[in-house]
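Take a look at this single chain in structure tokens; it is the form predicted on its own.
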Amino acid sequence: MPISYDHERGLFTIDTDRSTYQMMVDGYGYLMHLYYGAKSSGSMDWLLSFVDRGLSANPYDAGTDRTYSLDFLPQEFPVQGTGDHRSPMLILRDSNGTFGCDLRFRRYEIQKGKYALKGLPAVYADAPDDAETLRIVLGNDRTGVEVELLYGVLPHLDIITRSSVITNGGKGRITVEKLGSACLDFVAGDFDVITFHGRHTLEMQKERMRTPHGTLMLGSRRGYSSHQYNPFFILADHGTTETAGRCWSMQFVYSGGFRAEIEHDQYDQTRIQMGMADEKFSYPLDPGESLTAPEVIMSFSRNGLQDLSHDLHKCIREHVCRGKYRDVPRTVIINSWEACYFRFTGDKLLDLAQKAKDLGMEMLVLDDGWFGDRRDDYRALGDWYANEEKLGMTLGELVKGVNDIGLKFGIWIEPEMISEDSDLYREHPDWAMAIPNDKPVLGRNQLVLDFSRKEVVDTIYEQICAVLDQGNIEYMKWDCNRSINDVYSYTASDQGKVMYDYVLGLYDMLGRLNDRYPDMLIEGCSGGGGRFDCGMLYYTPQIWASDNSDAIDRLVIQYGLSYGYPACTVGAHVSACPNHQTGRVTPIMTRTIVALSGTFGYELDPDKIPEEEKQGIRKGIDLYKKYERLVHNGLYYRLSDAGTDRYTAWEFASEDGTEALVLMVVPENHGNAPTIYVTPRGLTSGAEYKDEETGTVYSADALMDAGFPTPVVDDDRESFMFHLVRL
């Protein structure tokens, strides 16, 4: 049993295959966090240290015992107002406007299977025996408030999930000012924190730093994750590497604003926590009402960052992503955007489809510009009907024409947005997020629809379904190209609810589309990687990683994503050169190698590329088809430090060790440069491997110890591919 409870000692223990998580109900009814680390046995209550800390406050129950203070004891769910002056998980205001809520243990329940969350995405298990759930209820007598702590355990993946649900069991209204999902207290340790910052067109830039005294806060105030900070971070021992050392991760299953904190306190203890952003959040609950915090995925590795990533990849690939495309390698796409932007007709799209078919591509995706009076990005968002005058045909006729050529058809939408110059805005101006009697903040010339309102979501859903029902549309790209600034809903009972309820509306629409069109692939996008998170992956099993398709910049972006997300979720395409974002010229094979480490596709106009590149496209599609299963399901290994080392190398290895694909790009060449040796991992010890191209046979152990020399680099941005097959 992964979860056990020792009644005599009040001890909860969660065991996975390689880790143990332990907490204890103490004599005062507080839930203490004891341990999360390598698999262990027995009680770890000896980790608690009781010392008179001077000005640290003591609970009234402790009487004259000044050695007991929540100001320094490790806790599972720290609450504001209990004498703990570190960052809390819960800030509550009661009907009198008073802050504070002293929570004590009430009851628990252990269940087979994995819990689900009302209205929110969550990790799931395919069968009840694959997971267990622990429910612990804490309560407060004065307010009648109860908080249910949820723990989901996937023992074979070393994954523990956490969430919390607060219920107003009292007689008056309460207001939740902050509600966290997961917290870990470490009583000792010398830690680094690894975060992933960025901006539009340069997301997921890894940064590693020593945890300083004080609080390091990262998050998003923009209504969405995650251009600036991804909702994922790692805490690691200072000496942890890819293959050695302890590390812990937290990853948010939520697509709205978030707040993650790493606090190193006065006694050199460290608290990490994750939850919803508390800015613009103030959620009232009347008697009987509940509020559910989104889920956090946690994992631990004592063998370095590599194992941590492998567990997270498998969890997301098999227990977050759902539906037909969870296990299916993706279709090779050509997207119309960089081929023609807004300048197209139906005939031009059919011509593009024919040329794409001739090159071996499998799907045409019609990007922005097909609906309403959409001539540019100043108008028509919200008018979701095909512009037949512009197309010169109906959408159904266009879809059929593309299908007749032999390609599948996909379409782009941006359903959360509205243009002031649109029929929908003229009819329903109050459906846009805007503060009354004030000019709204514009982003990309558009406003945000109020998805916290059911009638808004229902209307957009019906419009999009009417579009999708016109033909055999097998793919939809869901875009979202601005942040939420003016937080105001004309129908909300309290504006502090709007940001949370907006995300529930988003998930409601995505869930209905998944149910109605189970054979359609939905790709998430938010100006690229502005909403690359596990919440979206629950509904959209791939996400466009960045609006920057430059292969050299993508090396670092996709490297950052690899720490927490599997390659099969990473939207990546080969684009034209000079690149439309950076102006850089990169060989077609280098662009191909980078893109095939994701979902693979193309962003270009076949009429504007030389014949040599067309041959490169045909070869690239053949390579993708050959290795798509290995990339989709294989173990991912980081073999260098992208952006720091002279080269970037990575590997996909089959779990059974029968084959490995090693990929490498050298961004810059230098005179008389040393030979580059690449050291693969994940091979079968004692076996031999053959390089499929050169025929060279290697000892697996020597390869994983010394590496192999790579060819001489002749030019900048050169790339290499090595397919190793076990003999």
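For every residue, the number given is its place in the sequence shown, counted from 1. All of these numbers come straight from a predicted model, not from anything done at the bench.
What comes next is about the form predicted in complex with a small molecule, which does not appear here.
With the small molecule omitted here, the record of contacts in the model of the complex names 527-535 of 510-518, 556-564, 527-535, 488-496, defined by a heavy atom within 4.5 Å. Interface residue among D311, E651, D479, D185 relative to the small molecule in the model of the complex, by the heavy atom within 4.5 Å criterion: D479. The contact residue chosen from E132, E148, D102, D368 relative to the small molecule in the model of the complex is D368, the criterion being a non-hydrogen atom within 4.5 angstroms. Contact between R444 and the small molecule in the model of the complex is found at the 4.5 Å heavy atom cutoff. Not displayed here, the small molecule is approached by W412 to within 4.5 Å at the level of heavy atoms in the model of the complex. Looking at W544, you'd find a heavy atom of it within 4.5 angstroms of the small molecule in the model of the complex. The closest non-hydrogen atom of Y108 lies beyond 4.5 Å of the small molecule in the model of the complex.
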